[in-house]
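Below, in structure tokens: the form predicted alone, a single chain.
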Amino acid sequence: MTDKLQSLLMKRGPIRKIGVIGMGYVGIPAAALFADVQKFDLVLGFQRASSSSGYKIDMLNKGECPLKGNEPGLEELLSKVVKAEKFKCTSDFSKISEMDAVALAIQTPFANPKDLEPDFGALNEGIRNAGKYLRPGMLVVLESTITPGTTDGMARQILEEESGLVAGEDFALAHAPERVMVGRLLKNIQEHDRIVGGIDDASTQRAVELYAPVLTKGKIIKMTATAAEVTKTAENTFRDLQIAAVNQLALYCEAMGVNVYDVRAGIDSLKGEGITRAILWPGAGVGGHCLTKDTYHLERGVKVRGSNLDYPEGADSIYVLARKVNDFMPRHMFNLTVSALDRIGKSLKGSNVAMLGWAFINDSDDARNPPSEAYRDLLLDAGAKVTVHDPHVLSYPDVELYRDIDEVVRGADCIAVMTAHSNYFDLDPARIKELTGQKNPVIIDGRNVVAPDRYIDLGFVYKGIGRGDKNSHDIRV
């Protein structure tokens, strides 16, 4: 912290106008909540007028939410803040110069995780736009999940180059990572504790001023910018590790003829003082923007900033191994499919496979890095004919998606459940069998959606992840 920065912040006064760069799953709810705070006068959402996402500008300015799926309260809140003239979306990045604070909510994927080099192209562009129009006394916050060291490193450098200003002297700079999950965006932002880390004390405190008013149950946890970056990447890495642990347990249970859900319930029942055990749910794979790449941000942070890592020589990172386990699960779904069809004398080549669910998470349109894509690719490579149903995902590059489940299931040799959408729990096995027209249709359950016995009793060949107790059942003729 410098006296100069503190003086500039005091001269500028309280934060009144806020810009949010990136109108996606993070930026839209963040902007709406900022706009609903009485002490903030105006929030501008900045979105490129590109062919792929420019449509969001008009929708948002009408108070309509471009995110599909179930997001409780979001469209109502957008309508409210637009009508109150507290929120507007624009492609005019020059208006950043009118803001007191700017938050960046831009994706940070890995093009190739093996080389630990993230694709910061979109983030760099956003930072450069912020730097180009940066003015003394402003606050810049990165909400994107980033490699530890990025805020005080690459981001700081770009902002200083573009603005001619100095971070920590002329403007405040911080990292306040998003901690949201689709389907509960508003609730997560308001109720989860907010990690806030500035490059100095003045930057941290200014970021606290920005985020504290939107919290209801959550509290602010202050730390350094780099510690905040490690916190975010590590919490997602730990979740991925927990999923990998139960996925591997599911594979073990299949091999030993045991129901993994019985085992899971038994493990989860042990509670009491000093017991911190947590067990998640197995499934057909891990998707989304965060868990599929945040491990690599953490690993890269160690390589970039860690000078003396003391670790067993030659041992793999348990976090990277967890990623490999979770990436394997669509392959396991494929293996179950091959095995089930083989039981009735069929091969994948020429078989009709109906996939139920494309989104990576239930009751959402979020189809970023879905495990369903890896499974479908394996099916197609094996010569299967594949049709995909999803009630929420409207489009996906090079994939035809159907909204009519009857159309997808009709004539199918195999049905594979990849997403636990609510309506899949209500499937009528008799109706499904009738639509397939098969004597012994195959059903592969990747999300514990169907009741096995109801299908087995009707002649289905059933296989499910972790269902060692059912996967070798007798086939009813």
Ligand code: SAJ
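What you see is a predicted model; the values in this text were computed from it and never measured. Residue numbers run from 1 along the displayed sequence.
As for the form predicted in complex with the ligand, it is not shown, yet the points below apply to it.
Taking the partner from elsewhere, Tyr375 is found to have every heavy atom lying beyond 4.5 Å of the ligand in the predicted bound form. The closest heavy atom approach of Met181 to the ligand in the predicted bound form falls within 4.5 Å.
The ligand is not shown here, and in the predicted bound form it never comes within 4.5 Å of any heavy atom of Ala155.
Looking at Met223, you'd find every heavy atom of it more than 4.5 angstroms from the ligand in the predicted bound form.
Contact with the ligand in the predicted bound form, defined as a heavy atom within 4.5 Å, holds for exactly one of Val338, Leu280, Val302, Leu165, namely Leu280. Of the residues given (Leu77, Ile243, Val393, Ile96), Ile243 alone sits with a heavy atom within 4.5 Å of the ligand in the predicted bound form. Judged by heavy atoms within 4.5 Å of the ligand in the predicted bound form, the contact stretch among the candidates 252-260, 133-141, 230-238, 212-220 is 230-238.
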